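Take a look at this single chain in structure tokens; it is the form predicted on its own.
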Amino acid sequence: MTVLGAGLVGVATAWLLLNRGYPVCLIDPAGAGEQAAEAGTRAALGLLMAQVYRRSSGRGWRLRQRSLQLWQQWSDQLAQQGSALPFRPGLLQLASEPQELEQQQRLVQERSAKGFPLRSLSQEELVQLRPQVPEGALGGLLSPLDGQLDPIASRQLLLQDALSRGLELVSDRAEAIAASSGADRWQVQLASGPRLQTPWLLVCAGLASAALLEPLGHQRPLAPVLGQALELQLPAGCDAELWPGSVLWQGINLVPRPGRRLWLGATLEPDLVAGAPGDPAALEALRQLQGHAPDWLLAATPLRQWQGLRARPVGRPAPLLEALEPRLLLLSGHYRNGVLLAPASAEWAADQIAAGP
């Protein structure tokens, strides 16, 4: 089996296939090192929004619930080996408009009737939280089983475990793919010259997936969507890890980190050309929580900033999980939910292989 792309989705897929007993070759220019600065995994803060998903049926709902289950199973498996995944439970969505608050309250009622442990927080309860959340919050929706998974650390942990299980890692770029005959159905042309042959080919190359598939007649356009993030050092006596979870406010994610640090992130600039720099004004709006930042946040010290490009399918729902041809699978276009949906995507691919061409 050959997997193209070592973002979190590609690494998770390779790891699961190895666990199921398949030999796996993983191809990525970065190899075991850090991915390129614009890579999708680098753009993610790792929020797992499964039980707070507004729909209660359909493929998106099923993928999210299954992924949340699998992340817990994988974490338990790795913990038995002494390496637990860096997961922080709890997700608090803040409502800034009365209509949003009503939607949250209805969702709590619907999910509670089905056994999900969601609950509403009143404005009075939010005022008691320290550090203070934005004053404009009218209420909140707390999901204790959703949460945040560090995407970079999780990718590295799965990759190292996969290498210990015999993963073949090729540090090269796939320039083209082509069908072949016989048992090795697919060929991969590498930038360094060699051609690799493989019985199954899984394309998990993010934005690069579209260009690889187009010569085969598969039109799967993907739009780059910029994600921007800041890491802040909070003032003395201010620790966001005291919150009941990561916080979502008007499309901005606030993720507590060890050592009185905080990640701020958002998808602020859609439809950018790949490689375009982030807008400084948008980054400053992120820093200010669009005018709603509490004093403690304004007093925080910026430590670093980064950005990455997410792949959003054009004209198709995310993610793209498709068997395009016999033994050719596409796992891409996860948009904002690559971290959440990585396990369910990997399981889908493994089940396709188990079922055969």
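A residue's number is simply how far along the shown sequence it sits, counting from 1. Quick caveat: nothing in here was measured; it's all calculated off a predicted structure.
We do not show the form predicted together with a small molecule, though everything after this point is about it.
- Mapping the unseen interface onto this chain, residue 349 falls outside it, with no heavy atom inside 4.5 Å of the small molecule in the model of the complex.
- Not displayed here, the small molecule is approached by residue 39 to within 4.5 Å at the level of heavy atoms in the model of the complex.
- The small molecule is not shown here, and in the model of the complex it never comes within 4.5 Å of any heavy atom of residue 118.
- Taking the partner from elsewhere, residue 43 is found to have a heavy atom lying within 4.5 Å of the small molecule in the model of the complex.
- Among the residues 131, 139, 227, 224, the one placing a heavy atom within 4.5 Å of the small molecule in the model of the complex is 227.
- In summary, among the residues 63, 47, 329, 297, the only one with a non-hydrogen atom within 4.5 Å of the small molecule in the model of the complex is 47.
- Partner contacts here mean any heavy atom within 4.5 Å of the small molecule in the model of the complex, and among 92 to 100, 282 to 290, 121 to 129, 206 to 214 they occur only in 206 to 214.
- By the 4.5 Å heavy atom rule, the three marked residues 1, 14 and 356 all fail to count as contacting the small molecule in the model of the complex.
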